[in-house]
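Starting off, we have a lone chain in the form predicted alone, written out as structure tokens.
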Amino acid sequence: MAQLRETINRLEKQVSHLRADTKELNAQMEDLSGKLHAKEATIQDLRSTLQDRDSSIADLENTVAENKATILDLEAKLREGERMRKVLHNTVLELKGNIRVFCRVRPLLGEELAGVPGDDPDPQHIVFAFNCISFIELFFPLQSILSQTIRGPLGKGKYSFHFDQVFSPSSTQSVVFEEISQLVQSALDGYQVAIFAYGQTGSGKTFTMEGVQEDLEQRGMIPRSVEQVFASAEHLRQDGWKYELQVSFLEIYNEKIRDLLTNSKDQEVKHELKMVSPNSPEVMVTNLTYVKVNSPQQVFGLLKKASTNRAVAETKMNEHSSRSHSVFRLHLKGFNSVTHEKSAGCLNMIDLAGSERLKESKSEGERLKETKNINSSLANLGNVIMALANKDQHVPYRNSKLTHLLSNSLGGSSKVLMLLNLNPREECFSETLNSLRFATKVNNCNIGTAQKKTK
């Protein structure tokens, strides 16, 4: 009996332990079950989040596809807008006239101001209209010793002229360039452009065209044009355009061509004008230096090099008178990788030798020969422009080196600007009047419609 009780007590203890273990296991199972439900809820949340993300990704992909389509459409519209800009830009210039004339009067300088009455530095015999930027009047100077020789039989003492633009002595280089910048852009668009600085010796032609490179405010039309071309070319990259630019710079002295960019010391190298090919109207210069340029600074270095090589001699009209025509040419070849369009333009910027009559220049010996050649060349330039305006069958391009060289940039398919420069001194009245009359003849010409050159 005692043994049975002992067995029962032992079994009861085992049952008690088992119950405790079971209770602990049930608690653990409840805890695990709670954690399982929590994990399942987390998984459900993650699945919901993934579904939301998948939906967002799909929406984003659709948005990206729509944006890509919009970008393509906008790029197409941008190209069409650029094409229309070129068309409208060309139309505006055509309406203004493919040959235009600007007139610029330089200010009185240094000792020239000594005899000016009052505080007004402007010339007294040249009057600019207050409300008209295209009008200029020339009054016969009262103190002039020419009073009995220039008035003529009718005693006329006032001469009025109208041009596309007139710049007074206070006009800055930037103001002048703002008006010619549209023509510079045309060269980038694939047109032949020629800009001439015309006027007597000492009228400010070289300052207008070249200026002072070290002074940003006084930089001339050539360096400003170069900067605009490079800036525009960089801007057009986003439309698929890539340009190759080449520079040449020469002078025509006594009807002989000189290369201003050559490294050779041999000045006897001959430069002749020849047709590029039998079927091409383009003219090339043999043995001429062409430099591929990639920045405005590189071109500025070439301008300095050319300036030191240019022929300069003293005349009675101007002790620093340039005795040659200088011709700066910027050749622009463009290719559009998107539209596969090609263009080929050329910007010609010409600083003409001083125009003055033999009597006024008081030239002698070699200077006399220079003056005769200069006047002959300038006269033929006028003859060519008149022949183009009259639609003559024969245009005398070959009568001078200057017009022969620029024959492709003077015809009806090009855009031409004559920038007339005037000396404000009263003793230059006669030459000023002659220059204004010549410029008026040019301004009355219509040489036709410019045509873009594509390949």
Ligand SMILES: Nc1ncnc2c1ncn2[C@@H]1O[C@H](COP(=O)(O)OP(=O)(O)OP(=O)(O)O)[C@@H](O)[C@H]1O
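Because the structure is a prediction, the values reported are computed rather than measured. Just count from 1 along the sequence shown to find any residue number.
One more form of this protein, predicted together with the named molecule, exists but is not displayed; see below.
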Does residue 185 reach the named molecule in the model of the complex, with heavy atoms at most 4.5 Å apart?
no
With the cut-off set at 4.5 Å between non-hydrogen atoms, does residue 192 touch the named molecule in the model of the complex?
no
Non-hydrogen atom contact residue 203 with the named molecule in the model of the complex at 4.5 angstroms:
yes
Heavy atoms within 4.5 Å of the named molecule in the model of the complex: does residue 113 have any?
no
As a check of understanding, the residue in 157, 382, 296, 107 with any heavy atom within 4.5 Å of the named molecule in the model of the complex should be identified as 107
Among 207, 335, 139, 230, which has any heavy atom within 4.5 Å of the named molecule in the model of the complex?
207
Specify the contacting stretch among 374 to 382, 339 to 347, 245 to 253, 193 to 201, defined as having any heavy atom within 4.5 Å of the named molecule in the model of the complex.
193 to 201
